[in-house]
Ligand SMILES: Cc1ncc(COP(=O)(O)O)c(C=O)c1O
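Shown below, as structure tokens, is a lone chain in the form predicted on its own; questions about how it binds or moves come after it.
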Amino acid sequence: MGLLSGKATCNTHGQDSSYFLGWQEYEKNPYDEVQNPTGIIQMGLAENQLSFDLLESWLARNPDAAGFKRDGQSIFRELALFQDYHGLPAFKKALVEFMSEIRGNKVTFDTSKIVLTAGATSANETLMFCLAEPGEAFLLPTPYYPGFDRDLKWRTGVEIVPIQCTSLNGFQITETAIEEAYQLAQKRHLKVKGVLVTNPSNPLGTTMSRNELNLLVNIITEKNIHLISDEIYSGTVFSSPGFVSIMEILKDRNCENTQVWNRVHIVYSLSKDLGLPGFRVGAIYSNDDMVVAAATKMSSFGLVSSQTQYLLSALLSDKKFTQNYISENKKRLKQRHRKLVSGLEKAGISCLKSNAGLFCWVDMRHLLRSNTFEAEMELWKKIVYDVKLNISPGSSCHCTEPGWFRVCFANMSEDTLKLSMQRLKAFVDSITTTLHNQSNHQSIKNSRRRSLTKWVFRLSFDDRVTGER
């Protein structure tokens, strides 16, 4: 072991989180409708598989793009040779236009301020390297995506300090919660370099309100710190209220010529909106030229392939396709979301009202043996091993309240979702029956105890009357 680095031998990657452990159990026994119908159904993976047919249809209609041709002539050699890490201009142009389109064209983006990365994971880590030193901190509202413990901390040495949000107000960010997190960081002797939020939220499936976004701008202005807005789910908003990008807030507040303009950074990816996590396409957008320059240099460690950029530049440049895709994908997400919520309701389970994302934040507090995280883990293990559903417990998302779970709905067929809800309902019914029987048994015991007490009291009274003992 002495021959290896501390990074190679440490356990700070976060792989021991229940979020990742659930994946491991799924991989040992994955559900398959034909080959393994009693296996574990993966409901812990936020993938969008609902609109593949639209993408595949476009590919069939555009064989040149898929075959790496231009005007019928192969450009394979051109794409196979070295491309610098600034990215293909045509792709960067198509990407920023797509980002604007998702935001209703209320804001525009400059290709000179975007840095391509191998997914949002790489984008977030790169920003940590650019904005903070090892041992400095970013504030994150809870609950947050479990992967951030790996993405933001593992290699950078940056610390995370939670902004504790609760169900009392639907887990919205408050000024008090931010200030408490800031004070906690100071008590731990951590210099706070910024706040990172996901909008729409993973795992809540909700969009941030204008009040919250304005609060964040006020905070970073007052504290002289950065704000990272991870907007990877911006194209998955399927019902009101609509999505408001932090860039729109800055525009509304006329921040273009202020210092705060350079301290707000956006992370984006095509992994969720287009359902292409395997393509590894992410991006950093920053108004700070030094951040863009440094991030561009760092991007050489995680480039997007030229073939991928060429294919997607053609796809995203087809405005008729992108308009139809965005609209249809939202409709399908809304329909699938409704089916999950309906299935949960039939099982006697509610969830946080949501309007975005590929998951629901599900309330199972009433199924806990006690109001503890130990009871949450006990329930989670039953759901994974007995019910055969892999869902993510709230504790893996650093939720402060036991009994919340993230349940994904867009990475499976409708039939598989239906089966998962049947399994869950049967499990809840069994728990309800058990609790009912225990309650009846306890009532009988209490009734017998009351009868015995009355009998003893009567006997004692008779003894006093007759003088007997």
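Source: prediction; values computed, not measured. Counting begins at 1, following the sequence as shown.
One more form of this protein, predicted in complex with this ligand, exists but is not displayed; see below.
The shortest heavy atom separation between residue 232 and this ligand in the model of the complex is within 4.5 Å. At a distance threshold of 4.5 angstroms between non-hydrogen atoms, residue 296 is out of contact with this ligand in the model of the complex. In the model of the complex, at least one heavy atom of residue 148 sits within 4.5 Å of a heavy atom of this ligand. Among residues of the shown chain, residue 198 is one whose heavy atoms approach this ligand to within 4.5 Å in the model of the complex. Screening 308-316, 270-278, 85-93, 234-242 for residues having heavy atoms within 4.5 Å of this ligand in the model of the complex returns a single hit, 270-278.
Distance criterion of 4.5 Å from any heavy atom to this ligand in the model of the complex singles out 202 from the list 390, 202, 207, 126. Between the options 115, 165, 120, 264, the residue in contact with this ligand in the model of the complex by a heavy atom within 4.5 angstroms is 120.
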